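In the block that follows, a single chain appears as structure tokens, in the form predicted on its own.
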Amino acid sequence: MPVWRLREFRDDDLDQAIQVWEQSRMATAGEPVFALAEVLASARAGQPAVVAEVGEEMVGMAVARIQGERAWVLLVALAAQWRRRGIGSALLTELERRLRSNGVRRICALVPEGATGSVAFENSGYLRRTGLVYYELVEPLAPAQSSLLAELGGRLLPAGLWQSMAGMDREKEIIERRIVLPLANPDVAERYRVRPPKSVILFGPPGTGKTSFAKAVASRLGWPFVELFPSRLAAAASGGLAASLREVFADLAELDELLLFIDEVEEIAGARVGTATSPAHGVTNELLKLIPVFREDYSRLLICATNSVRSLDSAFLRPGRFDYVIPVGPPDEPARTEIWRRYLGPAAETIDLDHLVQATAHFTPADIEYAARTGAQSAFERAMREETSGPADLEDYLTAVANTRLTLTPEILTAFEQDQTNYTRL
């Protein structure tokens, strides 16, 4: 049987330590209390840290952090094939020896149920405390990251935006399967050799919810959301739009996680015409160079939205720059039903919802919202004028529907059908 030995943690152990930690984490039902970055920061800062190795291979690691007379065991991790051989107990014993020599009198550990190393704690005489409840408040961003996000005009969006997207089930299903699931479950995706997307295009008529989908994805992933406005970029560009674009992407690279959204991307990535020295050429060229660099970083996603996918430069649409090109069209009948139900609230149970749905064919979600608000406003004004308390009725909403100027013209709808055939890539 190979002989293992214990020694001090060294900085060049970093790569193997990550592998051992990952194997231990995958064997545990719950997530560890102390993150890997926190564990390694303590080890590299000179806090007690011991590793077990066989030959040149690290097979286990234990790290603690001293706080006065108390110490917290941050990690007891073992490589998969080296469990239940007494290595965990030996690591813990050596860690205790070092802690006692530093004046520590109470050694504590917080671990998920069934975590790797639990047996070592029990075998080493640690008392399992029952009746305790662990509370945790996690700030989503470090102070430096939070300040940078604010400077970039970004923010963390509230949870639940994905669930609040009424209707649009076709688009939600595609975006869920192709974008959200691989990014939210990278370990499973890697097991099936699925590469999580790094950049996608949403195209479709105005008002169909492309921006709402981008925000909902950021909310679902818990990532900071930054929207880049081409018009503001141009206004702030003292050294040229291409230079301004380059500076923004350089700042974005400092964020660990990010969903970057560019609406109306055709303003900076339109088809190049004229001479190669045209300013428009320079901006498009710059964006084409920045996208591959953006794609290299983990935990980031670029979503570009356009009302006119056919106006984008052909090089911009080429496979390799964008993983998917997804159409977002006007809502179908089930989607319109859910959208109306959302805006009507309790009144949806008493109003002829089917009538409203049939009356709003080719309405966008924004059109339906406008009609619902206008109908409610009419009922409110009537109540104030006549001193009545009657709610908005079907006639109020049908009148509002009739007076709504549609976003989608027949020409727009025809063009969208053609674009779905020519540009969709799923």
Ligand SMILES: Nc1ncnc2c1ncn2[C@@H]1O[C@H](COP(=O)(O)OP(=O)(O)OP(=O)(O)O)[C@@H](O)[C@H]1O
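No experiment lies behind these values; they were computed from the predicted model shown. The first residue of the shown sequence is 1; numbering continues from there.
The form predicted in complex with the named molecule exists for this protein as well; it is not shown, and the discussion that follows is about that form.
**Student:** The named molecule isn't shown here, but in the predicted complex which of Ala166, Val104, Leu157, Val226 has a heavy atom within 4.5 Å of it?
**Tutor:** Exactly one residue meets the criterion: Ala166.
**Student:** Looking at Phe294, Phe121, Trp72, Tyr343, which is the one with a non-hydrogen atom within 4.5 Å of the named molecule in the predicted complex?
**Tutor:** It is Tyr343.
**Student:** Would you point out which of 346-354, 205-213, 309-317, 182-190 contains residues with a non-hydrogen atom within 4.5 Å of the named molecule in the predicted complex?
**Tutor:** It is the stretch 205-213.
**Student:** Tell me, yes or no, whether Pro365 is in contact with the named molecule in the predicted complex, where a contact means a heavy atom of each within 4.5 Å.
**Tutor:** Contact check for Pro365: yes, within 4.5 Å of the named molecule in the predicted complex.
**Student:** Report whether the minimum heavy atom distance between Ile339 and the named molecule in the predicted complex is within 4.5 Å.
**Tutor:** Residue-level check for Ile339: yes, a contact with the named molecule.
**Student:** Can you tell me whether Asp263 touches the named molecule? I mean in the predicted complex, with a 4.5 angstroms heavy atom cut-off.
**Tutor:** Yes, Asp263 is a contact residue.
**Student:** Would you classify Glu369 as touching the named molecule in the predicted complex, given a 4.5 Å non-hydrogen atom cut-off?
**Tutor:** Close contact exists here: in the predicted complex, Glu369 approaches the named molecule to within 4.5 Å, heavy atoms only.
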